[in-house]
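Here we start with a single chain on its own, the form predicted alone, put down as structure tokens.
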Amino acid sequence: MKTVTRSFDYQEYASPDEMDPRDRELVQAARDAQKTSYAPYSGFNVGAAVRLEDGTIVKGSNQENSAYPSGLCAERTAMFAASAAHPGKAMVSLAIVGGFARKIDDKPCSPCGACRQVMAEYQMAGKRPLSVILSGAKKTLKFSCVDDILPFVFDSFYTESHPSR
């Protein structure tokens, strides 16, 4: 037996002013998307925005349904819309915000496992890192790639093709 340690770095911002302007723009798009959330059952409104390799930003928000789990998370709404409207364009960054009563929580909200796996799939399809930005009212975290929030994706090819991760 051997013990394997895996670590990763991420950036933590106390203010949007510290962020790269393109990341700040993406977070603002996610905040705008949160306003279109349909969450009458949970009351938790989430917005997401994905930037494509050509600079296009596609927004999505969570959409709930009384026939749970028929709804869809904001992250997947944005990624699926981006893939459908812009096939073949790699996704390079994804920003996520969330909170109750259409307010942004102080702490960043984290994507569910299903959304993380979809992120990993689009990262693989794009053949480039997909950075992930989790933004709260008082703190924002930026991860350089999906691997940092989902270290063992459901695809052995990905792990084999990225031996340094």
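So that there is no doubt, residue numbering starts at 1 and follows the sequence shown. Every value quoted in this text rests on a predicted model; they were computed, and no experiment measured them.
In what follows, reference is made to the form predicted in complex with ligand THU, a form of this protein that is not presented.
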property	result
In the predicted bound form, Val46 touching ligand THU (heavy atom, 4.5 Å)	yes
4.5 Å heavy atom contact, Glu121 to ligand THU in the predicted bound form	no
Cys73: touches ligand THU in the predicted bound form, heavy atom cutoff 4.5 angstroms	yes
Contact flag, Thr36 vs ligand THU in the predicted bound form, heavy atom cut 4.5 Å	no
Heavy atom contact within 4.5 Å of ligand THU in the predicted bound form, the stretch among 24 to 32, 51 to 59, 106 to 114, 125 to 133	106 to 114
